[in-house]
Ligand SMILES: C[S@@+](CC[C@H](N)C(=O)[O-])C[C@H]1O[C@@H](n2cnc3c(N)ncnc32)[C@H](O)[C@@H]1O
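Presented as structure tokens, the chain that follows is alone, the form predicted on its own.
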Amino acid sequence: MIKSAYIHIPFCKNICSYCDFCKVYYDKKWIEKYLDSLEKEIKSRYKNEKMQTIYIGGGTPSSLDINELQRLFNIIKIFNIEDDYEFTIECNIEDITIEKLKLFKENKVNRLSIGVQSFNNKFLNYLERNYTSDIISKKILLCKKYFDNINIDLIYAIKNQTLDDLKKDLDLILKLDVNHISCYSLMIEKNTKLYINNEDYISSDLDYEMYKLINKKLRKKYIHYEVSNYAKKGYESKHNLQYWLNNKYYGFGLSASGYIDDKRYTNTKNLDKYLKNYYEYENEIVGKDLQIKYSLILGFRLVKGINKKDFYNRYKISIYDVKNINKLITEGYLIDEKDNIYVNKRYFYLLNDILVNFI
């Protein structure tokens, strides 16, 4: 049963130096055409299930103006939603206005995910964010007047960033007292400005020290429930948990990925093709062995790991029969405790090195 839908809005008024997500510069002439195609795609795929989570990402969904956002929400009204639903929209600081916040609220949005990235102007400039630090706290406090469930994204391990710089960012986030925080080490991906400019990573030792500092600071107030995510109790991202639990979900829009029946698919990144209603670019049929691999790779991202009984009920095999599981337990990388198997916290920073055992 599909309970979640991701909707991609690719338009941005500013392209950040590190961003490798599918995006195009905001141009009004494309918006209506894009929303027309999006509506057609949703109507062609959606099978009237009740949605527990909806997530509008990008790009920058909040870059749309009031009328464009209202058109988007009118399209989304096609979805049946559970009573206990989570409906997230991503926002950039510079787009936040009272008018937009009221519109979100009126259209059943109940969670905001805000890309702050840093409170330091030097690093905001390096990342090519289109605002300065002096407005961040004001905008977050404005959001808190309308929404209780707010996530803030923070990027760390930025070139020339020190532990003291990061500590100041963390202190400012803690002061804002939001209910969810996502922390990502800067990745320099191909086809980004940072990659083209041959920018370097900071040292792996400093990156690790930063990771430890984040855990030390945030765990005093938040539950560390996924490798990059921290939440107050009850505010874990229901939508992202659908991914990490390897559950089915719809993906709508340019470049969006979905998992329906036994097929994982990714939509085209070509705007012209999408506007002509050619949505899907590639797909793979996911047999049992591949489903198990996805469950391991995604499930071990969670601090609590994988429930052994749930794994058996889903795949009709014991998790101990999966290649390398027993070896990793013996070597101390995985902990086998009561109902769950999870990654040893000492090695959580090396998660990708552990997950490669299942690929």
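The first residue of the shown sequence is 1; numbering continues from there. Only a predicted model underlies this, so the values are computations on that prediction, with no experimental measurement involved.
Omitted here: the form predicted together with this ligand. The next part is about that form.
Undergrad: Between N267, Q161, Q242, N92, only one gets a heavy atom within 4.5 angstroms of this ligand in the predicted complex; which residue is that?
TA: Among N267, Q161, Q242, N92, a heavy atom within 4.5 Å of this ligand in the predicted complex occurs only for N92.
Undergrad: Could you check which residue among A231, M210, L186, I136 gets a heavy atom within 4.5 Å of this ligand in the predicted complex?
TA: Only one listed residue qualifies here, and that residue is L186.
Undergrad: Quick check for you: of 253-261, 165-173, 186-194, 213-221, which stretch puts a non-hydrogen atom within 4.5 Å of this ligand in the predicted complex?
TA: Contact-bearing stretch, as computed: 186-194.
Undergrad: Consider R111 of the chain shown here, and say whether it contacts this ligand in the predicted complex, taking contact as heavy atoms within 4.5 Å.
TA: Contact with this ligand, no.
Undergrad: Find out whether any non-hydrogen atom of Q52 is located within 4.5 angstroms of this ligand in the predicted complex, and reply yes or no.
TA: No, Q52 stays farther than 4.5 Å from this ligand in the predicted complex.
Undergrad: Examine S237 and determine whether its closest non-hydrogen atom to this ligand in the predicted complex is within 4.5 angstroms.
TA: The answer is no: S237 has no heavy atom within 4.5 Å of this ligand.
Undergrad: So in the predicted complex, is this ligand close enough to T88 to count as touching (4.5 Å, heavy atoms)?
TA: Contact with this ligand, no.
Undergrad: May I ask you to list the residues of 7-37 that have any heavy atom within 4.5 angstroms of this ligand in the predicted complex, in sequence order?
TA: Y18, F21, in sequence order.
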